[in-house]
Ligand SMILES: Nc1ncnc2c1ncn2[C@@H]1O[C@H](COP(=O)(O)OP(=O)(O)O)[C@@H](O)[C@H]1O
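Encoded as structure tokens, the following chain is the form predicted on its own, with no partner shown.
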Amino acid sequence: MLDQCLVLCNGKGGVGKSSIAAALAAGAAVRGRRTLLVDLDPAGSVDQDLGYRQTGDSDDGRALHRAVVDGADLTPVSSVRTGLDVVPAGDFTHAVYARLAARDRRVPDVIAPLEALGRGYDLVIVDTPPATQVALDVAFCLARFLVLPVGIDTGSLDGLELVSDRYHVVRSRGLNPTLEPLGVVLFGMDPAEPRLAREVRADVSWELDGAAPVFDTVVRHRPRAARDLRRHGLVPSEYLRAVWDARLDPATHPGADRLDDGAAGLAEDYWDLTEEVLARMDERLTPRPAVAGSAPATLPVGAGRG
């Protein structure tokens, strides 16, 4: 288990796991934390969010597959951003999961190379696929903290049920008894509908019974920016810079009129969220005197509406 490791997870897709993982990783690296992003989602979008799919630098999970199957040293894609390396996912990650399902390999065989590599970083962020038990088991045995993105759709609360089930299995079997929820991220909220965000926040607090506090920062819904970010392989702060550059010199930026004027707000959301996540991690990892009867919060059994 890596103390400095967090995993983005929800059993439902489309709740912002990959977008948040990429933005957190890039934001932490900008703050001077040497960061490793581990992509465990073969069909995910981290490679597009950070642009290494567009540049042809993704190995589709080949390095992880070789480390698990052949015992090779796990080598990440280095310097995706300054201070940020990545273990990519893809078809070869599917092959790793197939071997685990066939019992040709065990979960510790996957964890070992990731743990060995991750110890060289200040922060490790793991992105996981929706509704994939084996990927959650790998991530939950590796990480210390859970970050749970949810959207407006109540189905994203249902998606927490699979997370809760695997969480309790991993803890109850002693595979990672220190695993704990760090917080919930409200993703894709409409700034023009603050009441709706408050309702989602209340739903989450009720469903999880306060076990995973909701982060103050809410990530807003900006469909034009979201499309541009993924298409161009930019994180929000980089997209904001592109918007500013286009405004300063529109003659050299054809199509500048199609950039999202709301990029500043979105970049601010991710910047503030990164600050919150890192601060909460640092607080949890700072040794404090033990208080009799105290224990870390745990997810309630059967979290979600399922």
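Residue numbers run from 1 along the displayed sequence. Here the structure is a predicted model, which means the values were calculated and not measured.
Missing here is the form predicted together with the ligand; even so, the following discussion is about that form.
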| property | result |
| --- | --- |
| One residue of R166, R99, R144, H221 in contact with the ligand, assessed in the model of the complex (non-hydrogen atom, 4.5 angstroms) | H221 |
| Among 155-163, 195-203, 226-234, 82-90, the region lying within 4.5 Å of the ligand in the model of the complex by heavy atom distance | 226-234 |
| Contact label in the model of the complex: A25 to the ligand, heavy atom within 4.5 Å | no |
| Distance check, L36 to the ligand in the model of the complex, heavy atom within 4.5 Å | no |
| Heavy atom of F187 within 4.5 Å of the ligand in the model of the complex | yes |
| Interface membership of L266, the ligand in the model of the complex, 4.5 Å heavy atom rule | yes |
